[in-house]
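Given next, in structure tokens, is a single chain: the form predicted on its own.
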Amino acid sequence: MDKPSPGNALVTGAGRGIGRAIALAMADSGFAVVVNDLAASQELSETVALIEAQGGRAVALPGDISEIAGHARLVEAAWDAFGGIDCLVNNAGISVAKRGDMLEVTPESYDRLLGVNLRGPFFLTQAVAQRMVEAPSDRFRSIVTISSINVEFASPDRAEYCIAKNGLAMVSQLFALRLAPHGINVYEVRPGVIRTQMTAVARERYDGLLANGLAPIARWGEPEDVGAAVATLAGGSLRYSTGEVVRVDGGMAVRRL
């Protein structure tokens, strides 16, 4: 007998990298997946094709999560795509335009990054949560937010990024409390050094740090490592846990003496 579908998921920033790996892992575990990215993303259709090639179901839904006015339309379209949303994965995000001295961070850079990485996910989560609360379901439902090891490790050369990711950590805690009475579990996934286009600019630096003991598991993390963690959480394996942080960092955050 075929296992019942775990439900439907909306994954933001799914055009490439970690977002694509999450979408593929979710589809592989049985979710029908709505994949979101910017309208200009040429990779979004490729993510859909990859999911369909492995026998999954997916639709592309372009949209800029930083544009709050578009959230109602985005959520409505995602909800209608497969008949509800059982898991929201907040993955979309950007890096700093330029790594450098935090004494030179501009208001424009700060506002741009927090608009995409913190303000957008907060209000998108709010919109999806409202729909979930209005439409109770027997399925396991969850919200998974991708933050960063920079919640715990300060990087003064990208201060606004660290600030936004710390904000996301608190967003997860707050929604965990607010949504628990409605049977909606909330998790934060905290990646370490993951091999993506975003980290490619610091490849040599991270190669050296990893070679010198940055993490007990002395290798780069891969997007698939994050995808596997998210799919596990969304599948309901930790039903009696909410507000939890799951680190995908090779043990980087383990304190050593």
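None of the values given here were measured: they were computed from a predicted structure. From 1 onward, residues are counted along the sequence shown.
Although not depicted, the form predicted together with a small molecule is the subject of the following passage.
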Since the partner isn't included here, can you check whether the small molecule sits close to all of 5, 140 and 184 in the predicted complex (heavy atom within 4.5 Å for each)?
no
So which of 50, 38, 209, 217 gets a non-hydrogen atom within 4.5 Å of the small molecule in the predicted complex?
38
With the small molecule left out of view, choose which of 96, 129, 92, 118 has a non-hydrogen atom within 4.5 angstroms of it in the predicted complex.
92
Out of 170 to 178, 146 to 154, 101 to 109, 81 to 89, where are the residues with a heavy atom within 4.5 Å of the small molecule in the predicted complex?
146 to 154
With a 4.5 Å heavy atom cut-off, would you call residue 17 a contact of the small molecule in the predicted complex?
yes
With a 4.5 Å heavy atom cut-off, would you call residue 232 a contact of the small molecule in the predicted complex?
no
Heavy atom of residue 199 within 4.5 Å of the small molecule in the predicted complex:
yes
Does residue 194 reach the small molecule in the predicted complex, with heavy atoms at most 4.5 Å apart?
yes
Inter-Cα distance between residue 40 and residue 107 in the predicted complex, nearer or further [3 Å or more]
farther
Closer or farther: how do the CA atoms of residue 40 and residue 57 lie in the predicted complex, compared with the form shown, if the change is at least 3 Å?
closer
